[in-house]
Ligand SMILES: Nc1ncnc2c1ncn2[C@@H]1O[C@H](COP(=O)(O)OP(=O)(O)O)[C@@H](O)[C@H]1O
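What follows is one chain in structure tokens, specifically the form predicted on its own.
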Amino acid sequence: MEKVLDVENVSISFIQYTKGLNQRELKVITDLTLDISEGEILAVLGSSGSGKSLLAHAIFGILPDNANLNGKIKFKGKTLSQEDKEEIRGKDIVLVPQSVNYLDPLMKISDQAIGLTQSDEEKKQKKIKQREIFEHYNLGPEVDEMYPFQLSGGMARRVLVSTALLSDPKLVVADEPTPGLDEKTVEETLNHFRHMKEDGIGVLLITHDIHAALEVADRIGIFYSGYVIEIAKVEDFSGDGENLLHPYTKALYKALPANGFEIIKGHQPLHGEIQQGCPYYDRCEMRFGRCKEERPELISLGEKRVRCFKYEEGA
């Protein structure tokens, strides 16, 4: 399968003004590396504040003006410039947002994604295609004339997905699409992503819902304090977690109620708290002396990746 997205050694920082108008650079994402292939679902899993949504903003080129972006973001092998991102977003790469507030409250559903600069013939063809996609997601003709406030939660979610697919995207970025939804709507939403996978679309699922990630993803990237610390296959999240590599990933898995609800001590470092060394150092039970001073690289082990000195050659 061809890779649709390659994120290589990406870091994101922000210029902030402190007391006396002094500047400081706050690093939020450091050395982020991951990839997604056609027909694959990669879930990026991390707690609030770990930098997950910033990844989506970087891909779409919508970071704020005080952000500094380093590293490479490639789409189908091509390194994207800011101009490239502006050209392909909403077309080859689309967003399924978290909130239904992304729908214009004053616009009928059938007009949400048609656009204002197209010819009448282009609009006609696009509406025909939109109706076909709506039918696929069980949205009847009556939905076309509705406004967002008239939709149920499940219907609004289907409209967001359908609208995203109107441009025949190669990559769908879903940013926290399940919080606040009831169990039935969550399962329905995850089924949408399964259908995308079957159609050969790559899906980047950004979430803190480990249950949703385990149910739908092929691989899971674990975020911790702005780092990807492990990329594991979804089947590794089984048994006693013996196939998981990083101690934080194992602890995360064992913290699930079904796995003993074992809570790890300490907290995830805030941005700017990690001076050097491994970001997980203070909470790790298998740390080495070098972990305090040296920061491990993200290394490949077959289909997996891990940021831990334990797995370095000769360790």
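Position 1 is the first residue in the sequence shown; the rest follow in order. As the structure is a prediction and not an experimental result, all values here were calculated from the model.
This protein has a second form, the form predicted together with the named molecule, left out of what is shown; the following refers to that one.
Chemist: Going by heavy atom distances of 4.5 angstroms or less, which of Gly39, Gly61, Gly51, Pro269 would be at the interface with the named molecule in the predicted complex?
Modeler: Exactly one listed residue reaches within 4.5 Å, namely Gly51.
Chemist: At the 4.5 Å heavy atom threshold, is Leu34 in contact with the named molecule in the predicted complex?
Modeler: Looking in the predicted complex, residue contacts with the named molecule do not include Leu34, since no heavy atom lies within 4.5 Å.
Chemist: Can you tell me whether Asn66 touches the named molecule? I mean in the predicted complex, with a 4.5 angstroms heavy atom cut-off.
Modeler: Yes, Asn66 is a contact residue.
Chemist: Is Ala251 close to the named molecule in the predicted complex, meaning a heavy atom pair under 4.5 Å apart or at it?
Modeler: Flag for Ala251 set to no.
Chemist: Does the named molecule come within 4.5 Å of any heavy atom of Ser47 in the predicted complex?
Modeler: Yes, contact at 4.5 Å.
Chemist: If we check the named molecule in the predicted complex, which of the residues in 2-31 reach within 4.5 angstroms of it by a non-hydrogen atom?
Modeler: Phe14, Leu26, Val28 sit within 4.5 Å of the partner.
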